[in-house]
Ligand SMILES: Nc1ncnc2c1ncn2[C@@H]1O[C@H](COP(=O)(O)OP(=O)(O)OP(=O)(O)O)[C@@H](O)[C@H]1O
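This document opens with one chain alone, in structure tokens, the form predicted alone.
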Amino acid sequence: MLTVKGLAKRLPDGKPLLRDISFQVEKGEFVAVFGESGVGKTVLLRCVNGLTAPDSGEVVINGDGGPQRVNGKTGKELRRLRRRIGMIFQGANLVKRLSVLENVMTGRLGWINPSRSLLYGFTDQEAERALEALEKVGVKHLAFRRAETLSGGEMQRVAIARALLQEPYLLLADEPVASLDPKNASAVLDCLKPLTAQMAIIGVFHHLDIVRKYCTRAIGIRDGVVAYDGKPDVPRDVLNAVYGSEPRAWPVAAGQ
């Protein structure tokens, strides 16, 4: 599904951020990426979906036929690959003046001719598929509300529905519940976990209880390399090593 091999990325000042990141992810996995703030977790996800170009190494996706390298692609080639890689951001990134349904339908933009999206909009069939995606995440009743009227948890579920409309085989989630209270965080994660039946999910998380409950695997990053790749019940000594010292209060619940 996904192979990352020898990926490296420097900061604008030339300082190494990611030095040699390598791992593989298969369909059905829900992988948590963890590590100190500023270690490069978000940059890693952006390299995977082609939003950021690594300085060296490879990102290879294998979902539509044979393996296809993401880095090095531009224009139509990159657009074609990226439409199969869903992305959920911490802030949901909805267009707040649009309705929930319209926001979800933007998930099809990578599949249609740009001129059609500008001149003719979306079809009734695409709208129906968007409603089905909203129903999957439990917010179909909000379809005709303006996005700006939603709560944080509702926005994130709409963002998941939008990603589902891309028909991705890989879903990236960059701290999707970091700003949510425990109840809404659980609602969002309960929507994400079943999706592994049809795709692989890689998420950035900071709460150990979330990793243990929802994820099938955890990857810890330290000093630009993979310092841990194993079971989601991360041992205390590994946490100490990844974070450089014993965390005085390793977070155990979102919002606490």
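A residue's number is simply how far along the shown sequence it sits, counting from 1. Because the structure is a prediction, the values reported are computed rather than measured.
Beyond what is shown, the protein has a form predicted in complex with the named molecule; the following relates to that form.
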All three of 17, 39 and 42 touching the named molecule in the predicted complex at 4.5 Å, heavy atom to heavy atom? yes
Among 55 to 63, 227 to 235, 185 to 193, 30 to 38, the region lying within 4.5 Å of the named molecule in the predicted complex by heavy atom distance: 30 to 38
Residue among 90, 71, 106, 99 with a heavy atom within 4.5 Å of the named molecule in the predicted complex: 90
Quick check on this chain: which one of 175, 126, 167, 181 has a heavy atom within 4.5 Å of the named molecule in the predicted complex? 175
In the predicted complex, is there a heavy atom of the named molecule that lies within 4.5 Å of any heavy atom of residue 217, even though the partner is absent here? no
Against the named molecule in the predicted complex, would residue 206 count as a contact residue? Criterion: heavy atoms within 4.5 Å. yes
Across 5 to 32, which residues bring a heavy atom to within 4.5 Å of the named molecule in the predicted complex? 11, 12, 17
